[in-house]
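The chain that follows stands alone, in the form predicted on its own, written as structure tokens.
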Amino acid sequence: MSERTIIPFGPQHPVLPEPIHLDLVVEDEKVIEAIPSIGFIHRGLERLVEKKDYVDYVYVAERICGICSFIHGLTYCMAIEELMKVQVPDRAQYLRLIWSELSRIHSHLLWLGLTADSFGFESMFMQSWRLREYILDIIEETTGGRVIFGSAKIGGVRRDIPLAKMDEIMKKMRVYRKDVAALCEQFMKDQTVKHRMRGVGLLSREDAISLGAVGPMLRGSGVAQDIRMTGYSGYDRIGFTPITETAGDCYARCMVRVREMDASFQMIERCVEQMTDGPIEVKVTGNPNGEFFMRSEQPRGEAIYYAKANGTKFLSRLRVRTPTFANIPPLLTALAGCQLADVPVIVLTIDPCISCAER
């Protein structure tokens, strides 16, 4: 029997975008077990509901994570709107959907660049982030921000997109969609990518379900579960269908994200075609009371917001369960039995966001 060694992976590592920390128990080059250490960048953001009133907390929720900031703020707003029985106007719902899918595209392009970089594909890394900059330009034109949008509010959205600007954006999006599709095809058909990812980091359908995997980690194992199927923010009006792959390996999880980007472009186009004129917000008065459990689909998977209010302007409790936190147990299962050199690739296929997970 080979001698077992513990090798620390992170919190600083050349391929890691975020400080995830794993202790890898290895025999020679084989990983026997992975032990996570959580809390390296804990910020205590949930406690701030006692100091920030429920309106101002939208800005805090958006800062739980920079990459999926808009959907964090949106999920919080939807939870409060359900507590206060606020009916959001249709146009605001469509605008929320557009910005949500733009967030998904730019998040997946960021992931694609980082994954390409882990293979040593520096040029593809630059191309992915170049295309991502074009998406961020559209976000900046429509919200005023590039990372923190600041456009979600309780009762609707803060800014509208004029018709002329919408037409201009759609012309750009049709070009970007072709460029993104060409880049993704080049990456997924590369023989090195196939060799390093196929059959690596396996997660069975049964394990994905029993361990509570979410997002592409779950859908890459053949489970057609996506919170957008519930129809929040207008998803019930644009014919949404979840994207799945059945292999359950690293390649399948990557393929889900690649196909999701193209689906996001299609959803934005259908959304623009269906959007009608109207108000973008309703006036909200009073304070929330009661408790509500809200779910949304972030780029990395299902996010859960539990809000408990007591009739004052300060919530008494807010609990956030982020997708990366949910995907840690499935990640540990996928890592068990892999080669040490495959650890960075497997970790990147869950698209880790540790600032989300640790808050």
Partner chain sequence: MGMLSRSPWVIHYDGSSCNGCDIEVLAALMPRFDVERFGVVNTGNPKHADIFLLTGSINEQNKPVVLNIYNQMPEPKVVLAVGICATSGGIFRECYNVLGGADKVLPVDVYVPGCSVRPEAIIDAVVKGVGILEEKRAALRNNLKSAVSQA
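Note that this is a predicted model, so its numbers are computed, not measured. Numbering follows the first chain given and starts at 1.
Although not depicted, the form predicted in complex with the partner chain is the subject of the following passage.
Stretch-level contact check against the partner chain in the model of the complex with heavy atoms at 4.5 Å: of 328-336, 35-43, 289-297, 22-30, the positive one is 35-43. None of Ile148, Ile209, Val175, Ala224 but one reaches within 4.5 angstroms of the partner chain in the model of the complex through a heavy atom, and that residue is Ile148. Proximity to the partner chain in the model of the complex, defined as a heavy atom within 4.5 Å, singles out one entry of Glu133, Glu141, Asp236, Glu185, which is Glu133. Contact between Leu110 and the partner chain in the model of the complex is found at the 4.5 Å heavy atom cutoff.
In the model of the complex, none of the heavy atoms of Tyr306 sits within 4.5 Å of a heavy atom of the partner chain. Proximity of Met126 to the partner chain in the model of the complex falls within the 4.5 Å heavy atom cutoff. Although the partner is absent here, Arg321 lies well away from the partner chain in the model of the complex, with no heavy atom inside 4.5 Å. Contact residues in stretch 64-94 (any heavy atom within 4.5 Å of the partner chain, taken in the model of the complex) are Ile64, Cys65, Gly66, Ile67.
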